[in-house]
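First, one chain by itself in structure tokens, the form predicted alone.
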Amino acid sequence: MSDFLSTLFPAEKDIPTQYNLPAFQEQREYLINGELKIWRGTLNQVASPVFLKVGDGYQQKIIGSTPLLTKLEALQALDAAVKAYDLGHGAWPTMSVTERIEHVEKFLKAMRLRRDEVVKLLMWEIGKSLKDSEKEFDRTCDYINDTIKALKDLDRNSAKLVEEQGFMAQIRRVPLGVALCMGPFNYPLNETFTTLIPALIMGNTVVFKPAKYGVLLIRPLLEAFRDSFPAGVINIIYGRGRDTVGALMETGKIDVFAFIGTNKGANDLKKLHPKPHRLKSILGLDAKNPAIVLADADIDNAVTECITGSLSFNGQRCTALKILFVHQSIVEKFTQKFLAEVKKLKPGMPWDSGVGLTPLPEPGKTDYLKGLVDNAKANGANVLNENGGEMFHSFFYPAVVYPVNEKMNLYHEEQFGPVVPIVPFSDEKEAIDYVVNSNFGQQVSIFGNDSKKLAMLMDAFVNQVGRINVNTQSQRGPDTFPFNGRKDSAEGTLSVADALRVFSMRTIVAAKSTDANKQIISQIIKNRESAFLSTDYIF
């Protein structure tokens, strides 16, 4: 297997021309106050998960570098965002919804022109397959379009006066202030933009720091951001979190914290804010989503869904199935079919046709996964699949581990990689207790056909997780569905419509329904004297 894995990494000359990067990507640009500034200081190397065969050995491909900004530049970006918001009086927060939509549409149009560059960088920076990289870009564009449509619907519903108990009023949504947006490395475009775009379109100003990995792919979009939004509305910084983000939080000037990462990272940053009660947080954090395969489940369907759920993008998804509980009576049949499907997954480079397994972008990840597998083996588990857990540089071949129990680290920790723990159970209470006692509460998948048993499990989990999937894998989509979690898994709800709400608040203008007040309100609306109080519709 080691010899086989070593053949996966190509020589430079063997990379298809259309997928190779044209040159070393030295990035010195960053965006503050509508200006692309040039960084003259230290740069951070960007290493690809792809290794290249050089002579008799292998070298990790260094594809570029990005600015290592300091506290000074971070605070300059914050000052620009604070100035653009101007305590809610700035041009952006007071701009009409129609005008803000026009700015976002301008950005989307410019973004589409950079598709090939962004897709190529997704492949090289995080090892995502060509198909999934293209899907991530296109899904992000669709999300922006859907957000625009949802905001039009929201605005239309708000363009009316209501009368209640002798009062007349209009209720509209307004921005919260200055937002700090930070996305994850596994979906550095899509997941990032599911907070960034709603924050912007609702009238907030933003300081945006790209993910630790998957950072270069924002570079092709810098000019689009600069040209599409007023100065200071969107500011993009780079560098180590401890040198930049911590300083931003300590000022107390961040009103909204949008972060997708670990709950430890979120906790550490939130503690730095001097007025935590004034900080609105929208967080997508860790998860250990279980699948529960009941005795009467359709095994073929359960295997198909669990393969995709646990190993899509090498299991590097917060929504991935991270542990499989399989009823004792069918566990042997399930594992045999599961192993056969694992064997069909094609390992290779991101641009290879039909590839299902690719190198991992996080340094040290393969060693971490090996440690989980070794710990499980030391506590009585076995690796069931041939060559499971074999590794070569950044590549880790999936390990199906069985039987897993509570003594093993793999039972508790989110592996975020291609290791699949299988737990046999005889009583559904074992699986219920796992979910109830877990620190995480994002999703659960249940596989079975007995309606009474499925209903019992649904009712057991509705107050434990954000989504219960029946006979299907855990997932985020469709984007119109709520995406949230409990416990250490999330704070706030993200969907196309929900994201608009979490990045805004409802404000009301109210008056007693007297003849004099009716005349005043009518005059304001008729003469368009207020940007807030209006009955105009957006079509």
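Not measured: the values here are computed from a predicted model. So that there is no doubt, residue numbering starts at 1 and follows the sequence shown.
The same protein has a further form, the form predicted in complex with glyceraldehyde-3-phosphate, not shown here; the description that follows concerns it.
Student: Does residue 192 make contact with glyceraldehyde-3-phosphate in the predicted complex, using a 4.5 Å heavy atom cut-off?
Tutor: Result no; residue 192 lies far from glyceraldehyde-3-phosphate in the predicted complex.
Student: Answer yes if any heavy atom of residue 317 is within 4.5 Å of a heavy atom of glyceraldehyde-3-phosphate in the predicted complex; otherwise answer no.
Tutor: Although glyceraldehyde-3-phosphate is absent here, residue 317 would touch it in the predicted complex, with heavy atoms inside 4.5 Å.
Student: Given that glyceraldehyde-3-phosphate is not shown alongside this chain, does residue 475 nevertheless sit within 4.5 Å of it in the predicted complex, heavy atom to heavy atom?
Tutor: Within the cut-off, so yes.
Student: Check whether residue 139 has any heavy atom within 4.5 Å of a heavy atom of glyceraldehyde-3-phosphate in the predicted complex, and answer yes or no.
Tutor: Close contact exists here: in the predicted complex, residue 139 approaches glyceraldehyde-3-phosphate to within 4.5 Å, heavy atoms only.
Student: Spot the stretch among 57-65, 477-485, 505-513, 41-49 with residues whose non-hydrogen atoms come within 4.5 Å of glyceraldehyde-3-phosphate in the predicted complex.
Tutor: Looking at the other structure, the answer is 477-485.
Student: State the residue from 85, 124, 187, 396 whose non-hydrogen atoms include one within 4.5 Å of glyceraldehyde-3-phosphate in the predicted complex.
Tutor: By the 4.5 Å criterion, the partner-contacting residue is 187.
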